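This document starts with one chain, in the form predicted on its own, laid out as structure tokens.
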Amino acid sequence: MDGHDRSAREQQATQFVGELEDAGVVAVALTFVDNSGITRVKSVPVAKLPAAAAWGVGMSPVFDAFRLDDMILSGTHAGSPVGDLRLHPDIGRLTVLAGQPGWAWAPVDRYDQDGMAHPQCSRLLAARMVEALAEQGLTAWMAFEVEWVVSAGDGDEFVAGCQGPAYGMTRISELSDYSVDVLAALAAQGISVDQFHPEYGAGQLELSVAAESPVDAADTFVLVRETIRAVSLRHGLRVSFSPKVAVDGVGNGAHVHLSLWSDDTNVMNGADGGFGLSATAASFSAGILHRLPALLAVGAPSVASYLRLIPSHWAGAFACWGLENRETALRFITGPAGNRHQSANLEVKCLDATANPYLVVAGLLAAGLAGLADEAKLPEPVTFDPATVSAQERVAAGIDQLPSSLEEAVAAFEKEPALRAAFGPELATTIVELRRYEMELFADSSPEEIAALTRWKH
């Protein structure tokens, strides 16, 4: 970051100060997501936004080492009290928060005091992976699905905030005003919601947003989640995005939809490959499929993740793919006839909202790029629920179950050179050490205790 860049950032932010003041905004929340998937924040008064854009806001790098319970890892590359970073807001994503009057929001990139990119900034990492994909003449469009539960309880126990049946209109009636306010707030913030509906679990809701460029998709996931939280609190409700709110429930996922484009053409449609996949799209998808066990260290990064990631729960617990198969970790979606050139995409189902979305974006792109480099091949698609056949039949079909514990996922990540190279030694090492630090926290915990401690963190 040089003087010209700083000046341009300052001028861009200055243009918005009057508009923010006219909108009644007093302060701007500047957020990043840590390696445990929790959104951290500093804020500045509106008048200080131009200075923050140019020179950043001070923040300790220690947050790279924060566990979900706010204990701090003393790690190889993270956890020291020494040093300082600068949080530089992306003014292009500056948003007046409709659910929090008086506030605006912007995501940040993290640099050191000399203006160099912080090696553990996940948002800058995601941007670098987008650039690497562009060097192959490709772009990606992504969107995160957001699942959450609403609770009407006063304490830390979960009490479903609606009683209607799964997918039932009764839930919309029970939460009618709340649902309208969530959708209205998102619309006021410029977020394009494609669908909204009650989900399977008790008190569970879900919405889908339009696809965007990968970094924007991760930004939008953060903004949607915080908007839902703010609106819920104004309605006297508490929300959880945890993968396992209650041990006997289905849990919340954070599925990612991904399509691959060359110029203006969706290369996941219209070719001679299976279901219209081009060779490029097939290799990219195979790169993700082959690295799913390792990707879980960033995409299902909590001990609680593995209470959700179990067979026959539509969580995608098997490393396989299939057309519209909701029990495969990768679900290929052609879309309706007549619109497949736009809508064909790959859904990654084994992810949840304890993940840092920027690490998810970066990991998926890095895995896909490795698949392109290897000219990887997809195995035969799976047309059944893998849990319904014997282990011997799964072996014969080349179907492996994904890791059933965080320990297994971390071991896979340690052995995966493409992901570790893309993330760099500092970040890759911190991820491994931090995941082990969480395993220590829950080493003697029951499933009920794991769910309880994770329930309200993200």
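Treat the numbers as computed from the prediction; the structure is a model and nothing was measured. Throughout, we count residues from 1 along the sequence that is shown.
Beyond the structure shown, there is the form predicted together with a small molecule, which is absent from this document and is the topic of what follows.
- Residues of just one listed stretch (307-315, 290-298, 74-82, 224-232) have heavy atoms within 4.5 Å of the small molecule in the predicted complex: 307-315.
- For the marked spot (40, 107 and 219), a heavy atom within 4.5 Å of the small molecule in the predicted complex is absent from each of the three residues.
- Contact annotation for residue 206: at least one heavy atom lies within 4.5 Å of the small molecule in the predicted complex.
- For the chain shown alone, residue 86 is not a contact residue for the small molecule in the predicted complex, no non-hydrogen atom being within 4.5 angstroms.
- Remark: residue 255 counts among the residues lining the small molecule in the predicted complex, judged by a heavy atom distance of 4.5 Å or less.
- Among heavy atoms of residue 349, some come within 4.5 Å of the small molecule in the predicted complex.
- Taking 250, 186, 140, 267 one by one, only a single residue has any non-hydrogen atom within 4.5 Å of the small molecule in the predicted complex, and it is 250.
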